[in-house]
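As structure tokens, one chain now follows by itself in the form predicted alone.
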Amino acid sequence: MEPERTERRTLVVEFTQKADSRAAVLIEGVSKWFGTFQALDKVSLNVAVGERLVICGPSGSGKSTLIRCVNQLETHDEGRIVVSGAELRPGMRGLAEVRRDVGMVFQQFNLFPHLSVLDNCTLALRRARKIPKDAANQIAMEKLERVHIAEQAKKYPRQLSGGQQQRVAIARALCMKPKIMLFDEPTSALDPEMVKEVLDVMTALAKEGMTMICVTHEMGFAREVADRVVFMDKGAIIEEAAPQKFFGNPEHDRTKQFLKQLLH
């Protein structure tokens, strides 16, 4: 019996190592508590390089907590998270380098109000990457052009619409040349007429092959862009499937109920 158990254990280790090398993000059995409240309950996901993953679910389902754990804005209590081959641990060496590979765009734009659009985009380049100002400005202008807002470079955040500010936030994240982009309900704070301009930018990034994990209730975006849709509730993954199956033939009653409320 003992040799059989040893062989099985070896196979598990080998599979995990291979999964690490293929995955942009590997999440295995991750749990997270806030006091006595369990926000994540043994969540497991494998996000491939170049994959576009959309996570949806009701408020309080753990979806935002999950992606915040991916760049360690929140630390997980159990399980393991591997990003670009590096396992994330509290206090780990090299965490700053891993975070540079992961760009994040939040519900709120988090722009510095006292800095111009250009300076908001170049700050991390100059401070963290030690890139000279002229070179940083060139990179920032390229990214602002990419999100169709370069003409606003000299303005301040207060002079922009919400949709424009969110596009600046996306450009700022892109300036660090991330391998993975995380979006935490990036359109939820926008007026309806501004949602499309942000989703158009995200769609363009997806078509360029950017690895993306996006928490959103924008189901039209999920249908068009996602390779896979994940539905979470009460800190756990209830269902995951390709968009056609997820929207056309969901398996779980909780998913059906959620989609009925959202789409009607």
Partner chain sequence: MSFDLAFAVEIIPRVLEGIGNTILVGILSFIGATLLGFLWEMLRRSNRWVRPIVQFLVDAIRSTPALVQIYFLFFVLPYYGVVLPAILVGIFGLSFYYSGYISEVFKAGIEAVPAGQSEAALSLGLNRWDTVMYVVAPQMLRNIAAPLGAYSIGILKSTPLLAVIAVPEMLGSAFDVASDTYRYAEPMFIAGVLFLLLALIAAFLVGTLERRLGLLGTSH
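Since we're looking at a predicted model, the values are computed, not measured. Residue numbers count along the first chain shown, from 1.
Although it is not shown, the form predicted in complex with the partner chain is what the next lines describe.
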I27, F37 and K234 all contacting the partner chain in the model of the complex, non-hydrogen atom within 4.5 Å: no
R172, heavy atom within 4.5 angstroms of the partner chain in the model of the complex: yes
S188, heavy atom within 4.5 angstroms of the partner chain in the model of the complex: no
Distance check, H114 to the partner chain in the model of the complex, heavy atom within 4.5 Å: yes
Residue contact check: M104 to the partner chain in the model of the complex, 4.5 Å heavy atom: yes
One residue of A135, A128, M92, A150 in contact with the partner chain, assessed in the model of the complex (non-hydrogen atom, 4.5 angstroms): A128
Heavy atom contact within 4.5 Å of the partner chain in the model of the complex, the stretch among 84-92, 142-150, 189-197, 70-78: 70-78
In the model of the complex: members of 148-170 within 4.5 Å of the partner chain, any heavy atom: R158
